[in-house]
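This document starts with one chain, in the form predicted alone, laid out as structure tokens.
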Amino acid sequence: MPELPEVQTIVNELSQTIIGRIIKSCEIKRDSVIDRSSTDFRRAIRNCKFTSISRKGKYLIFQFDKPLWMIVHLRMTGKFILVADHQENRYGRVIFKLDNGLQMIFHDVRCFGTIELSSDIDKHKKLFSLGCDPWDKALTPESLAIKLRHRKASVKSILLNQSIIAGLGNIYASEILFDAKIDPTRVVTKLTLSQLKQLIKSTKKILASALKNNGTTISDYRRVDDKQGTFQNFLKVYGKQGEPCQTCKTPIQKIKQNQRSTFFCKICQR
């Protein structure tokens, strides 16, 4: 599933092309992707101009030139592709035809992605329930400690909890904990303020590096121009089971936590 760096990369790249562009028409090829009837959806966005694109957690937020927002979650295999008009796309589920001759295609092989329209973004329940962005000034060791004080979950599980810190997923959680030298199975109430400070620092460091490399392509994720991200070339533990740790040469371990794979070094992460 695309995580924060992949979603932000898509935001950055779409912003260069579609801001100021007008949706002339829209073709819905899979009704389950959208939050209303195809007729109502097409009517609502026809002739709307894109004024901004932003991100909250793993959500893309498109703002139009009227009180209307389009909120997109890519889920497992969703992505946006910009191509010339009339170019066919087998997995194009929603096709936005723009006034400059381009198509913005929502491509989703498994059809788990969602596109919603909202006339009041501040009342969107899913966005409202999200925790701090990793770069939010409100995310401090002290504020994090308060959020975690009654929780008995592992630190890995907490990193995946979107109501605590928004935007993280399985790949970056493993990389962040390796960088922070924290055992992924440790119960969060056992973390010191110093460790929480390092956890926040490592989160920002790993995500910044992933953004610099346009995200991580393990399987489905692609950029707007259909190119891959390159951060997979810099992963230190994720997917490295049995390979020597880059720090101590101990074989990287793989365990299951809440049905998700966790990769770590048992020597470096204690």
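One-based numbering along the sequence shown. Source: prediction; values computed, not measured.
Just so you know, the form predicted together with the DNA exists too; it's not on screen, but the next bit is about it.
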Exercise for the section: Among 195-203, 111-119, 176-184, 132-140, mark the stretch whose residues have heavy atoms within 4.5 Å of the DNA in the predicted bound form. Expected result: 111-119
Practice task
Indicate whether the DNA has at least one heavy atom within 4.5 Å of a heavy atom of Asn258 in the predicted bound form.
Solution key: yes
Problem - the DNA contact in the predicted bound form: Gln103, any heavy atom under 4.5 Å - result: no
Practice task
Give a yes/no on whether Arg30 approaches the DNA to within 4.5 Å in the predicted bound form, heavy atoms considered.
Solution key: yes
Exercise for the section: Examine Lys190 and determine whether its closest non-hydrogen atom to the DNA in the predicted bound form is within 4.5 angstroms. Expected result: no
Problem - Contacting member of Val94, Val72, Ile171, Leu144, with respect to the DNA in the predicted bound form [4.5 Å, heavy atom] - result: Ile171
Completion exercise
Within 24-60, the residues having any heavy atom within 4.5 Å of the DNA in the predicted bound form are Arg30, Lys58, Tyr59
